[in-house]
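Before any questions on how it binds or moves, here is one chain, the form predicted alone, in structure tokens.
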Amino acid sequence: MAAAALCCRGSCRTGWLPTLQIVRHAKSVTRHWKAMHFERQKLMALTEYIAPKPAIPEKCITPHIKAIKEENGYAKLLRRQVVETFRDSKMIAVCQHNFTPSEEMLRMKYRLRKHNIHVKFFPNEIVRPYLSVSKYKNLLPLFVGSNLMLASPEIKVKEMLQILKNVPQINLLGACIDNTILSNQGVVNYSKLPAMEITQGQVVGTLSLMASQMCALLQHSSVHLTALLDQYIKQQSGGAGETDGKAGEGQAELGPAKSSAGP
């Protein structure tokens, strides 16, 4: 035994493995899944616990949160420029922008800038929301397609029409002049009006003429009455002189007769 033990130790040291190994076998599985009986399934379905529904629906309790989409910084800047343009401009013209060569567009901008008229390009997605809640909402039908705006703090309609006449690619659709919305023909008619100084002089002359006519009408009755009284006084004074003259002549005729009868 000792020799076998020594031999076993020596062989184990050298890496020898026994040819026979004892393996413990597990118990085989004899239980498999089996479908539940049909009657038991019905019983389980009938006895299944159903939780009571709340008196208020859950969707009414929890508020519906909408995802707020932040506006782009460039869109905010354009919206602010639109507000400033409509606030600071007395003349805003809306034009249809067709394809125009860059050199011709720069020339038009330069000529308009001489008269303090600025060319503004704003997308319709920025302009239309502002117009829908402002007093300029009647301009909404003009902002369809590609548009540009001509804004000026002064009213210079004649100069604008004269410059646009040389640029056939830019068509005038309408304008808002001094808080008054005008069509294309209305802008042309507005340009034919005289200057403000001439109009003011005409208004002052008309008002002064009406005042003088009113004064003449108010004084007509008193002047006429005065003239009638003067005529009456003259007639009365003339009648008294005639009666005095007739009395003097009668006395002159009686005087000689008395003298001749006396002696």
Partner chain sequence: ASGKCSPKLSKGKMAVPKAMVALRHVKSVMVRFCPFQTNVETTRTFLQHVNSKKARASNINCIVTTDVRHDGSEPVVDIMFADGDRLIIKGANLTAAEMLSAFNSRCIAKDLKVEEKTKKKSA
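Positions refer to the first chain, counted from 1. The structure presented is a predicted model; accordingly, all values stated were derived computationally and were not measured.
The following text describes the form predicted in complex with its partner chain, which does not appear among the structures shown.
Here is the short version: of S132, N98, Q162, N189, the single residue with a heavy atom within 4.5 Å of its partner chain in the predicted bound form is N98. Checking L78, I92, M108, V157 for any heavy atom within 4.5 Å of its partner chain in the predicted bound form turns up a single hit: L78. Within this chain, V144 lines the site of its partner chain in the predicted bound form, having a heavy atom no more than 4.5 Å away. When its partner chain is considered in the predicted bound form, I177 lies well away from it, no heavy atom lying within 4.5 Å. Taking the partner from elsewhere, T85 is found to have every heavy atom lying beyond 4.5 Å of its partner chain in the predicted bound form. Its partner chain is not drawn, but in the predicted bound form it has no heavy atom within 4.5 Å of L112. Contacts with its partner chain in the predicted bound form, taken as any heavy atom within 4.5 Å, map within 47 to 77 to N72, Y74, A75.
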